[in-house]
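A single chain, nothing else alongside it, follows as structure tokens in the form predicted on its own.
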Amino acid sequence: MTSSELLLKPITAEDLAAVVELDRQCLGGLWTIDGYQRELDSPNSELWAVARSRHQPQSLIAMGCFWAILEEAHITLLAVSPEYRRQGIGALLLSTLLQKAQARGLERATLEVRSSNQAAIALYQKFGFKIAGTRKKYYQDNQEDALILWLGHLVIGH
């Protein structure tokens, strides 16, 4: 899949059904449709998606969100549909989130990631994130620890 076939877009209310389905598929149903609506309504949230085709903007294959908290972008989710992983889509979306954070004047970024999610950890480290700590038994579904990752200066261009 080439990047010219993909559509990078802000998530809108029309996308909510597709977003919840992608959430269910990738994250096990982390947020509800009401939760995503609250994110859309919040001036402190940025939600972006990647669609499979410019001609099918509802065909979402990836999504990401961050909260602007003081000078910090707290990345709350980054999800890529399993069949589209390892094709650079996560990097495209992460780069976009960091660019949007920088455009808002944010200076740093942070996130939590499952300690077993080596592919995601490698992606984040490629962008300069460093391990800052651990949240013990953070994930309720299996009591897995989360690594806290931190990016001290928002610099784009990876």
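Each residue number is its position in the shown sequence, starting from 1. Predicted model, so just to flag it, every value in this text is computed and none were measured.
A second form of this protein, the form predicted together with a small molecule, is not displayed here; the remarks below concern that form.
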Quiz prompt | Single option in Leu27, Ile33, Ile131, Ile69 placed near the small molecule in the predicted bound form, where near means a heavy atom within 4.5 Å | solution = Leu27
Quiz item: Tell me, which of Leu106, Leu123, Cys65, Val50 has a heavy atom within 4.5 angstroms of the small molecule in the predicted bound form?
Solution: Leu123
Practice problem: Give a yes or no on whether each residue among His74, Leu97 and Ala101 has a heavy atom within 4.5 Å of the small molecule in the predicted bound form. | Solution: no
Exercise. Check whether Leu60 has any heavy atom within 4.5 Å of a heavy atom of the small molecule in the predicted bound form, and answer yes or no.
Key: no
Quiz item: Taking 4.5 angstroms as the cut-off for heavy atoms, does Glu39 touch the small molecule in the predicted bound form?
Solution: no
Quiz item: Does Thr110 reach the small molecule in the predicted bound form if we count a contact as any heavy atom within 4.5 Å?
Solution: no
Practice problem: Answer yes if any heavy atom of Asn117 is within 4.5 Å of a heavy atom of the small molecule in the predicted bound form; otherwise answer no. | Solution: yes
